[in-house]
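So this first bit is one chain, no partners, the form predicted on its own, shown in structure tokens.
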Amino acid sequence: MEFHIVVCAGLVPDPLQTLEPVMGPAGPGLKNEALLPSVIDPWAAHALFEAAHLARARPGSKVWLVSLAPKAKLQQVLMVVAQKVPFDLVAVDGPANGFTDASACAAALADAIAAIPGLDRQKLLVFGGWESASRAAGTTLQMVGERLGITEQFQGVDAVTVGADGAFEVLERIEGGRHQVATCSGAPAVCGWATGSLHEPPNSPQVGMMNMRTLMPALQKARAASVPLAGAFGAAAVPSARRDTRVVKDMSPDAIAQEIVEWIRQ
């Protein structure tokens, strides 16, 4: 059985950057947000790689990448991501910081998915990140599924094994550091991926050229989404560095450990 796999993926600031929240005229945001380099959300990246692997294993399957993000940043990131795996892009032009309302994001993503031409709901698998490096709300993907009328949902997924009849087993994280194996009779379903089991695919110029034929037209046709900002804060500051160094000779390990414990208690 073939699948129509839709991967919901947002953009997040490069984790090597220093992020400083600020209050702007439109609400909370990040200092110099427009200048911060972005990457695809790590959790969503796992979902994209797993989707591409599943599509290769099931001939006739297709992968769409649906992303709510500023078009300019999305274009920069896709120049790299497009060389990893084949997909069709559905772009929604909107904010991508960690202060957007999860419900409004879910509504914009669900509308974009519902409008995909030729999408078969009976073959639909919605993939995405279990959490997010920008928001970690853990609710957006669930609400996307609910808006699409999909009640079979799995969160914290590490592996999906599909049988010959289209039914699949899901290795899903539960409380206490344990896993459970759930069985689903088939699509439609929603999977929020944790880490997955695949490494990041190498860059392929051939895949990149194939994707670029559709990426630029999709970016040009991206519709704007009005996603409100949620929440506010009174003040925020980067933690100050603190370093107290002493050079002591001939100190026993027990004394060193005790001094560390006393320092932590202070």
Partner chain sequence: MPGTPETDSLRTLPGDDIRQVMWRFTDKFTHQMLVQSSRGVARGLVARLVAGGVRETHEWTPEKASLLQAFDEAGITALYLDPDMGGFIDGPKNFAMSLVAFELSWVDAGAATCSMAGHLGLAPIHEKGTPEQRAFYLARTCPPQPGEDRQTWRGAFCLTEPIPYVGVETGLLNGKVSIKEWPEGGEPLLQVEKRGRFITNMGFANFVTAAVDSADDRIKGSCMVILEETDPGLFDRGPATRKLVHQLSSTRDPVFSLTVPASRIIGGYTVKDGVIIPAFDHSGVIEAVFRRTRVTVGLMTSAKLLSAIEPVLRYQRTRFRGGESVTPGTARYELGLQQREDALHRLIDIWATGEASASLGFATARLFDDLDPIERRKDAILAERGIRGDRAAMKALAAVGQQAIPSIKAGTPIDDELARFVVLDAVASVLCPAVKLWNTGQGATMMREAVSLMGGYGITEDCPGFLGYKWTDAQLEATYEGPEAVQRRQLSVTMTNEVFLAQFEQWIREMRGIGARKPGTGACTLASAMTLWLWTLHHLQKATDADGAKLYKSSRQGVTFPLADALCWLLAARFQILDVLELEARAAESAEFHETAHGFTRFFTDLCHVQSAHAAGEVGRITAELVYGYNRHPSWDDVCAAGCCTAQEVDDLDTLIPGYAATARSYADVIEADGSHAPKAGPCVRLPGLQTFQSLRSRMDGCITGTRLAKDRAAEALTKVMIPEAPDYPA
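This one's a predicted model, so the numbers in the text were calculated from it and none came from an experiment. Numbering follows the first chain given and starts at 1.
There is another form of this protein, the form predicted together with the partner chain, and it is not shown here; the text below is about that form.
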Open item on the list: Is A57 part of the interface with the partner chain in the predicted bound form - any heavy atom within 4.5 Å?
Closed with: no
- [ ] Using a 4.5 Å heavy atom cut-off, state whether A114 contacts the partner chain in the predicted bound form.
- [x] no
Open item on the list: With a cut-off of 4.5 Å between heavy atoms, is L36 one of the residues that contacts the partner chain in the predicted bound form?
Closed with: yes
TODO: Please run the contact check for Q206 against the partner chain in the predicted bound form: heavy atoms, 4.5 angstroms, yes or no?
DONE: yes
Task: Contacts with the partner chain in the predicted bound form, stretch 67-105 (heavy atom within 4.5 Å) - done: A72, Q75, Q76, M79, V80, Q83
